[in-house]
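Taking the form predicted alone, here's one chain by itself in C-alpha cells.
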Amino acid sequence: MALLIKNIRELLLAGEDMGGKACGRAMAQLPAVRDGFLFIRDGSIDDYGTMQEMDPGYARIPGLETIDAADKMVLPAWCDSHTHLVFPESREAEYIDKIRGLSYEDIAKRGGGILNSSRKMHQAGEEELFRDAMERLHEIMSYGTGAVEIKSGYGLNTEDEMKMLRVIRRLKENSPLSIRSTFLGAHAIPMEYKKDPRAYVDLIIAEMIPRVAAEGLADFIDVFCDRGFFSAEDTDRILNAGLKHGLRPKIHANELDYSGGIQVGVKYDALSVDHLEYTGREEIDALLGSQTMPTLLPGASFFLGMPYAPARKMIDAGLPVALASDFNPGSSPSGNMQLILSMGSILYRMLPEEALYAVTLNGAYAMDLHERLGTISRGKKANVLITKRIPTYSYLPYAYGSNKIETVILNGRIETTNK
C-alpha cells in the first residue's frame, strides 16, 4: 500500500538526526519542510522533502492514494505516555464534591477516588471494560493520538489487576494505536491494608509481579510514590522487584508533596517520572544527566485546582519535558491531547515548538517508542496527522477549543477524517 501527501504547507518535526528526545533549548528548534511531500509505503515513512525534490515516479505506482494537503500542516501523531483509560465508570459525583471544597486527599481518605474505582472494577466484566475502553480509544484517535500508554491500578488485588491487564492486551490486539501496558498495582493502598500497608507491598512483590511477568501482560511497572500513598522505601522495594522480572519503571511522583519519588526513579533508571508538581532544585539536579523523562500532566492540575509543575524551570535548566493527558475518571477525565498541547503553552508558558516536542518525540521516548514514532523520519512507522487549513503551526495550541486535525493516519492507513 502506498500513500502520497503532497503540497504540504509545512511538514513538521521532519529530520533524520533528531535523537531520541529533545532537551532544554533544543525544544525551541522545530525542524520543518515548507511546500513539502510525504511518501508512505507499507505502513512506514519512505521519503519526504520539498515538492521540487519529489520523485515523479511516485505518480506511476499502481494503487497509489494521493492527498493534496495545500494550506495544511503534516506532523507526527500525538504520543500520550500516561493514561488510565480502562476504568469501569465515571466519577462525576466526586467532581461535585471537589466543587464543594473537598480536596483530592479528603476524597481518598473516605474511600473515594482510586478506591471507589477499585470497588466498581471488582464488579465489572472484561467485555464491558474492553468495549468502553475501545470507545475511548476511538475518541482520542479522532483528536490525533497515535500512541498511548495504559495503566492498570484500579484492581488493587491480584485477580482484578490481571483482569485489567488482559483488557489492555486485547486493546493492543484490536486497535490501530500503538499501545503500551503498565502494571500499577501500587496505585493506592486498599482499605483492608490501611493498618498494614507493608503487607500490601509484600503482596505486590510476592504474588502480583511474578504473575504479571509470567503472562507477559505489562511493558512497565509503576508506583504512586506520594504523601498518603506509597513511600520512597515502598517504591524502592517494588521497583527493585519489578526490574528482577524485566519490568522497567515509570513512576507517579511529587504530585502532592516532595515525596522523594523523583530520586528513586532516577536511581532505578525509570523511563519517566510523572506529575512533578512539587519539583525544586534538588529534583531538577537529580534528573539532569539521567535518562529519565520528566512527564507533566496539566489536565490533572487543571481539574483538581492544584499547583502546576515548574516546566519553564525544567526546560531552562536543560531538561526534556513530555506532556501527557492522565486520562482517568477522577482527576483528568479527558484524553484530548490537543487540549494538553494548549495547556502546555497557556499554563506552563511553553513555546508552541516546545509543546509540540513534548506531545510527540518526548512522549514517544516516555514509552520507549522514540525509535519508531514521534518524528517524520525515514523508516519510522507512518503515524501522522494532517491538519485542517490553518495559518501557522502555532495555531495548534492557540485555538484550544476546536479540533484542528482533519485526517489521522496510523500504520500508513487513513483511520479518521474529521470534515
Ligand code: NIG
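A residue's number is simply how far along the shown sequence it sits, counting from 1. All figures in this text were calculated on a predicted structure; none of them were measured in a lab.
Although it is not shown, the form predicted in complex with N-(iminomethyl)-L-glutamic acid is what the next lines describe.
For this chain shown on its own, do I114, Y154 and D326 all sit within 4.5 Å of N-(iminomethyl)-L-glutamic acid in the model of the complex, going by heavy atoms? The answer is yes: all three residues contact the partner (heavy atom, 4.5 Å cut-off).
Counting any non-hydrogen atom inside 4.5 Å, which residue from F220, Y104, F302, Y268 sits next to N-(iminomethyl)-L-glutamic acid in the model of the complex? The residue from F220, Y104, F302, Y268 that makes the contact is Y104.
Of S331, T292, T279, T182, which residue is found within 4.5 angstroms of N-(iminomethyl)-L-glutamic acid in the model of the complex when only non-hydrogen atoms are counted? By the 4.5 Å heavy-atom cutoff, the listed residue in contact is S331.
Would you mind picking out the stretch of 167-175, 78-86, 128-136, 200-208 that comes within 4.5 angstroms of N-(iminomethyl)-L-glutamic acid in the model of the complex, counting non-hydrogen atoms? That would be stretch 78-86.
Is there a non-hydrogen atom of E255 within 4.5 angstroms of a non-hydrogen atom of N-(iminomethyl)-L-glutamic acid in the model of the complex? Yes, contact at 4.5 Å.
With a cut-off of 4.5 Å between heavy atoms, is R91 one of the residues that contacts N-(iminomethyl)-L-glutamic acid in the model of the complex? Answer yes; at least one heavy atom of R91 falls within 4.5 Å of N-(iminomethyl)-L-glutamic acid in the model of the complex.
Any chance Y143 has a heavy atom within 4.5 Å of N-(iminomethyl)-L-glutamic acid in the model of the complex? Contact check for Y143: no, nothing within 4.5 Å of N-(iminomethyl)-L-glutamic acid in the model of the complex.
Interface membership of F224, N-(iminomethyl)-L-glutamic acid in the model of the complex, 4.5 Å heavy atom rule: Flag for F224 set to yes.
Could you list the residues in 169-205 that come within 4.5 Å of N-(iminomethyl)-L-glutamic acid in the model of the complex, counting only heavy atoms and keeping sequence order? Contacts from 169-205: just H187.
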